[in-house]
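Next up: the same protein chain in two forms, each one alone, written as structure tokens (structure 1, then structure 2).
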Structure 1
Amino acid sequence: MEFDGAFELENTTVEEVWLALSDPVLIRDSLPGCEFLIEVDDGDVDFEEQKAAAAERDAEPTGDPEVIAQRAFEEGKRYAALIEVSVGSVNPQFQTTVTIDSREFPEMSASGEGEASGSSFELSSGMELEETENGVTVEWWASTEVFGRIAQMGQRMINPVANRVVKRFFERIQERLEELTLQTDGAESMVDEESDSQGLSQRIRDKIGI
């Protein structure tokens, strides 16, 4: 299944959006049913153990470059996510690992794979940011491949759900990003004035090494 779309964010810069999208916590919060999203080493992931540990590792999305820089996605790194989606009586737990394939400002892409309900799936997705007159356009795409029982028996059910999950994900990212921008506005951060804005951009560039 292929999905794509684009949304616009006003009064912000490509750097700010890039910063926000570098934050695993924002991604976790945007992904419907996502229990945790953490960096992992190569090798098998114990999802049950991680789920128990996740409750204690509560982190909030932020607009603070310092904080994000600490935990930002890195190219080549591997992350594990547990996603629980309810499809009527079907309650699959998607045990997913994702690798950041590329992160070159202002584009990034990731791919992953996982298992659920006697089935497996692969996904790839990417985003590209573009500066516009009023702000930033985020273009995104995602594709998923499903294998096994769900693909064979669950066609009628998975399509609307996959559609919902993917579309909801990007909608929520948009919402979160809009909130964050407001936050930085409210905190009189640096977007009011040209110079400050550039200052933030520079800080972001410095911090996360664009």
Structure 2
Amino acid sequence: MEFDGAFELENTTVEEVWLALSDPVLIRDSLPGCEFLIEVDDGDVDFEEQKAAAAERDAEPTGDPEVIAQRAFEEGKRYAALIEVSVGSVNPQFQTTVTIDSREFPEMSASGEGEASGSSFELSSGMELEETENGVTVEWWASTEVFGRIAQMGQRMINPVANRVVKRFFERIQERLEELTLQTDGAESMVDEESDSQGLSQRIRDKIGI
């Protein structure tokens, strides 16, 4: 199954969006149905153990480039997520592992696999950011192979679900960007004045190496 699309994020910069999409904590909080998203080693992942430990993690979304740089996605690293998505009459919890295949500003790609309740999938995905007059366009794509019960529902049922999840995800990213106003030294807002925005963009570049 092939999926792709574009989403417009307003009143922001490519650097700010890249920073937001580099933060596993913000992604976790923006992805509908996601209970946790953490870096893991190679090998089997004990999802029940990770779920139980999730409540003890106190990491919160932040606008501080230094904090995000310390926990940002890294090329070659593997991450595990537990995600519940309603598909038709079922609400499977997908135990998912994803590897960041490439991450070079302003593009990122990943691949992974997951399973839930007699169903499984394999995927590859990617995104590219492009500056626009009003903000940033996120071009995204995904290619998946789905097996088991969910596959039997067919793409005509799965497509609307995937589009709904993606749409809600980017809406939350937009909301987070507005809420956090990615602060500079705890004082100035992220997009207060053009000069401040340009200064923050350079600070982001410096801190996360782009």
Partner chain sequence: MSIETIEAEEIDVEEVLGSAIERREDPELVTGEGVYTDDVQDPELAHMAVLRSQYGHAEIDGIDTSEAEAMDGVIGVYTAEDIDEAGTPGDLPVGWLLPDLKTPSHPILAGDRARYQGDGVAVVVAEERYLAHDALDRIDVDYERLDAVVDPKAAVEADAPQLHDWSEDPTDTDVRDDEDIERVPPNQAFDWEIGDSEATDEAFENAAHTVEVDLENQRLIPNAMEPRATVAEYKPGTGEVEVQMTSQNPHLHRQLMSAVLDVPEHKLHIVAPEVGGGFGSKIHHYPDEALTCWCAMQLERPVKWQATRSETYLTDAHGRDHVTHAELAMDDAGTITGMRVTTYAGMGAYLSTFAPSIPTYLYGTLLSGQYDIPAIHCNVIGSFTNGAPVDAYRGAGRPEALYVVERLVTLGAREMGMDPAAFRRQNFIPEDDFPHETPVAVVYDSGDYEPALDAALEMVEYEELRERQAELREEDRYLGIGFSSYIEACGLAPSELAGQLGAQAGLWESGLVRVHPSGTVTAFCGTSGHGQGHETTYAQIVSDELGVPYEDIEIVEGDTDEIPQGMGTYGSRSAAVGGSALATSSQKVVDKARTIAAHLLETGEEDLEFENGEFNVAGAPERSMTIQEVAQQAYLAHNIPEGVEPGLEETSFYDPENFTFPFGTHVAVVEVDPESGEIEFHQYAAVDDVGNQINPKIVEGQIHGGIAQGIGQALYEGAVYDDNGTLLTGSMQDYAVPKAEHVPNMETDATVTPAPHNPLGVKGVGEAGTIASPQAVVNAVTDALQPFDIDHIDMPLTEEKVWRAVNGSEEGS
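Here, rigid core means the biggest group of C-alpha atoms that superpose within 1.5 Å across both forms. All residue numbers here follow the sequence of structure 1, with the first residue given the number 1. A quick note: this is a predicted structure, and the numbers were derived from the prediction, not measured.
Note: the form predicted together with the partner chain is the first of the two, structure 1. When two forms of a protein are overlaid on their rigid core, residues whose CA moves 2 Å or more are considered shifted, and E175 is one of them between the two structures. With the core held fixed between the two structures, M153 has its Cα displaced by at least 2 Å. In the core-superposed comparison between the two structures, E133 has its Cα shifted by at least 2 Å. Taking the core as the fixed frame between the two structures, we note the C-alpha of N11 moving 3.2 angstrom.
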